[in-house]
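Presented below, as structure tokens, is a lone chain in the form predicted alone.
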Amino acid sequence: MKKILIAEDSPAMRSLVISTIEVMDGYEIVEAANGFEALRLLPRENVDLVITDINMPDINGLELIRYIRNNENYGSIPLFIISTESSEKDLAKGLALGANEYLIKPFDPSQLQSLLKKYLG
């Protein structure tokens, strides 16, 4: 089982991401309602991939990515951003910080599923 950490402050969007993944075999999901909660879960859970929103209270998705990429324990974990921030500038910033993929809300569930297969098999 591959473990995916989802950091998303919107319960509805978090449910949509989870339901997109749950129909696939071989994935376990860990939920975080914000970046701070995601940082608390990282040392406890052995995650294989992180999906984060950008706009969240406390610690936002970009700060979460920066922390993960600068930490030797988590630096190689694949990271996806799913956000309403859709400008070229936002996309470039997210990828420059170390996100592997950037999906814009509303996202295509089949695209997320394909990306999960690409990164986690």
Partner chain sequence: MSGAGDTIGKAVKDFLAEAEEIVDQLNNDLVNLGDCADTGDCNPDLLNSIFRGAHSLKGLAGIFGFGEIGELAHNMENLLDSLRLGKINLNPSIMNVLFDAMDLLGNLVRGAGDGHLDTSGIPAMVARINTCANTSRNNADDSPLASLGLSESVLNALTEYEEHRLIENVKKGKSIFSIIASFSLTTFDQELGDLTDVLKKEGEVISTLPSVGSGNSGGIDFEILFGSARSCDEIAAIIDRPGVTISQLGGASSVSMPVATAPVHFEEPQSEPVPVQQSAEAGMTAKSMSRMVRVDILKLDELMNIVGELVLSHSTINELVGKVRGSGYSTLAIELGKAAKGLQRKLNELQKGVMEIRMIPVGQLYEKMSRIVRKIAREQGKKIDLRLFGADTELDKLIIEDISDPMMHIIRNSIDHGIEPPTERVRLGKDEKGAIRLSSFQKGNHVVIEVEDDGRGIDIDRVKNKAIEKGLIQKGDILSEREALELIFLPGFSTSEKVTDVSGRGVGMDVVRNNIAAVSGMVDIETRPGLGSKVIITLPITLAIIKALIISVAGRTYAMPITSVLETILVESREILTVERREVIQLRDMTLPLVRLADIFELNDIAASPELFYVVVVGVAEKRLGIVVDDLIGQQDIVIKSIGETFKGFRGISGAADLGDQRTILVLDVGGIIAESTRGSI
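Predicted model, so just to flag it, every value in this text is computed and none were measured. Numbering follows the first chain given and starts at 1.
Beyond the structure shown, there is the form predicted together with the partner chain, which is absent from this document and is the topic of what follows.
The partner chain is not drawn, but in the model of the complex it has no heavy atom within 4.5 Å of Y27.
In the model of the complex, the partner chain sits within 4.5 Å of a heavy atom of M56. Residue contact check for D90: one or more of its heavy atoms lie within 4.5 Å of the partner chain in the model of the complex. In the model of the complex, the partner chain lies within 4.5 Å of some heavy atom of S15. Along 30-66, these residues reach a heavy atom to within 4.5 Å of the partner chain in the model of the complex: A33, N34, F36, E37, L39, R40, P43, I54, N55, M56, P57, D58, I59, N60, L62, E63, R66.
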